[in-house]
Structure formats: structure tokens, C-alpha cells
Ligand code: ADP
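One chain comes next, on its own, written out as C-alpha cells in the form predicted on its own.
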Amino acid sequence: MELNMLLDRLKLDHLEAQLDRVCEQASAKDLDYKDFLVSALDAEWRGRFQRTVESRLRQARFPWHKTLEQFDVDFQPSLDRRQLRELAGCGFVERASNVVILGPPGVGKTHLAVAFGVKAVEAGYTVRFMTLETLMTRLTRAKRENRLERVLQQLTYPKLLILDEIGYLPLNREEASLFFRLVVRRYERASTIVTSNKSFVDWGEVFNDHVLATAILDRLLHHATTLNIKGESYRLKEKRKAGLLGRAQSAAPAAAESPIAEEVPMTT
């Protein structure tokens, strides 16, 4: 039986595409049969892994592809590099813990959330990214069409759910109640990353109900790491670099930590 036919029947597509390169490298390194087999199977595994990662990245629906390596930590000195490295290891996803990223607009909250999501995809976890507006549109429509239970189940499935832009638009009572139901579903079952431009003390206004906001925070922060970014906007940085703005002023943290945040154990 010919080699190409065997590769096809065994579905070793990636090895078949790279076979000439693998053979050339084996010859150049004078590999024995066992080491050659390791090299060939490694080529197949790497190809399959890359294809799986690309598929999961598409399913995650990130608005763009951002990595932690692309994040300018020097521009945001309020962030702890060690803490970022620990979060990048995705141990929080394995423990079903949460990450809350606070800060004013433009400081890189979404970039960090996406970067952690990419790391989670590469670690083999299912990830889904949504803005709060998209989430609420989906949940309210599902409730109206009597599909709420099924949609809540679908949103409970991803090992990591990223909810972006909490606080930019206030929610009505019905929307806040739906958000709370999702948080309860995922509580201690799966991880959630949320980004917000509001401090915790302002979440009562965001959710239009202080009691409900407290209940949401209680579950989100029970097992959570809070990142509070207090630096300047990256977008303003570029304008300042181009000479379009004056000298930087010390930025007042739009998301200063509240007493609730200080009491949360910082797990990583």
C-alpha cells in the first residue's frame, strides 16, 4: 500500500503536507527510526493543535486578536506583572474563578480580557466573548420567545465567558434580573471575566437596583481577582505623542476600588 494512501486512510493530513520537510530534517540530523517517528507524529500533532486553536478562536468571537505580549504594561504601572503572568497561566479557569477588570475608557481593559481569553483557548478551554449590550439583546429576545432556559444553558457551557463594557449603558430591572440569573448559573461552575468603567459602589445605578447589584457582586467577587487600571488612555497617549494634546495630568481612577473590592480575597 502506498505511503500517501496510508496517510490518507489514517487521516494524517498535516503530516502528509509536511512529509518532505520532515524527511529532509531527519536526513540532515541523521535520525534513527524511532526519532524519525517522533518527528513525524509531532508534525501531525502540531498541525492538529493549530487547527483546533483556530477553530476555538473563531467560536470565541473576539472583536480582534490581542495577546498579553502586545499589552504595554510599562504604560499602566498600576498593574502587577506577576499577577498578570499568573492569570495568563489560566489557573483561574480551572478553578472556576472570575476576573474583574476596572478602569476608565481606553486603558486596555478589553485588550487584557481578550488576551486572557486567547491564553485560555490555547490551553484548551472553550471561550465566548460578548459585550453587555449583545448579551442583554440575546437574553431579552430569548425571554420574549420563550427560549430563555435554553439560552442560559448555552451561556453556561463555555469554561470562560468574557462580558465587556459593563457600566457604559444602564440596565432596566428586567435586564438586571436576567444578568443575575446568568451569574447564578455560572457561579462556581465556570469562569467569567467582566470589564467595567464603574467602581463597585456605582453598580447599583448600573443595574438599577442596589440590592440586586450587591447580590451580583457577591457571586462575582466570591472567587475573583480584581485588576484596577488607573493609568491614562492609550488613545490619548497616541494623540499626545503626535502633539495633539497637552502634557499628561494624573488621571483620577474612574474605577477606584470600593470597600467591597478590598474585602475580596485576591486569588490567582
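Numbers follow the displayed sequence, beginning with 1. Everything quoted here is computed from the prediction, not taken from an experiment.
From this point on, the text means the form predicted together with ligand ADP, which you will not see here.
Of the stretches 59-67, 202-210, 39-47, 215-223, only 59-67 has residues with a heavy atom within 4.5 Å of ligand ADP in the predicted complex. By the criterion of a heavy atom within 4.5 Å, T192 is excluded from the residues contacting ligand ADP in the predicted complex. For F71, a non-hydrogen atom is located within 4.5 Å of ligand ADP in the predicted complex, even though that partner is not displayed. Shown alone here, R128 lies farther than 4.5 Å from ligand ADP in the predicted complex, counting heavy atoms only.
The shortest heavy atom separation between S177 and ligand ADP in the predicted complex exceeds 4.5 Å. When you look in the predicted complex, the only residue of H111, R138, K198, R181 with a non-hydrogen atom within 4.5 Å of ligand ADP is H111. Note on contacts: among G124, P170, P105, G91, the single residue with a heavy atom within 4.5 Å of ligand ADP in the predicted complex is P105. Along 72-103, these residues reach a heavy atom to within 4.5 Å of ligand ADP in the predicted complex: D72, F75, Q76.
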